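Okay, so here's just one chain, in structure tokens, the form predicted alone.
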């Protein structure tokens, strides 16, 4: 847990074949001396097996973008944590703002998913962040505190989890927030976590990431902040040369 985390969220982009090709380029472009970072690729469900075959012999871990909050049953169109684990997923994004907004995913459902991820030894990457109107209305801190505490309600045993701060209003705009503001929010998240868990648990078992228009030109500005331990990358992770640039910059920074 000493190395920075770099998670690529491919969202609903790339066919299985395209995903395989992008994954191959990323694996081929990794530094030959090894990578001082944890790298996770999160393709769409149909591409998971193809990407798993590419990354299995590399230092890259496989992640999912979502799963259903029940283990199995009559839930047409859904995917379970058990299925993801069998394919090789060891990470999963949970509660991304696009799901909260477009699919009306609730805090309660997100909490159930966090618990199920931990039951299957999948690292949950819990996304939190405010909308523009919430920010302008002075509700930013309240929203983030609520999303963190709701996601972790009743979650008392885990070896590891991740909180990713993604301000909703910058996602996909190509313009990130000031790194100092990201650090300020990370501080808020950390204080919120300390109201739930012991100092030792917060320090050793929970990491905070930043996401939102991250690229190879600005990534170090965020990871250089004391409390930000990595990045959740959207559009830039679809372009192997930029994603590898992020990896190389953070690897050089770690060394």
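Positions refer to the first chain, counted from 1. Small disclaimer: the values here were computed from a predicted structure and weren't measured.
One more form of this protein should be noted, the form predicted together with a small molecule, which is absent from this view; the next part is about it.
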All of 96, 171 and 234 with a heavy atom within 4.5 Å of the small molecule in the predicted complex: yes
Next item on the list: Report yes if any heavy atom of residue 11 sits within 4.5 Å of a heavy atom of the small molecule in the predicted complex; otherwise report no.
Entry: yes
Would residue 63 count as touching the small molecule in the predicted complex under a 4.5 Å heavy atom rule? no
message = Whether residue 214 contacts the small molecule in the predicted complex should be assessed with a 4.5 Å heavy atom distance threshold; does it?
response = yes
**Prompt:** So in the predicted complex, does any heavy atom of residue 166 sit within 4.5 Å of the small molecule?
**Reply:** yes
Of 73-81, 171-179, 132-140, 155-163, the segment with heavy atoms within 4.5 Å of the small molecule in the predicted complex is residues 171-179
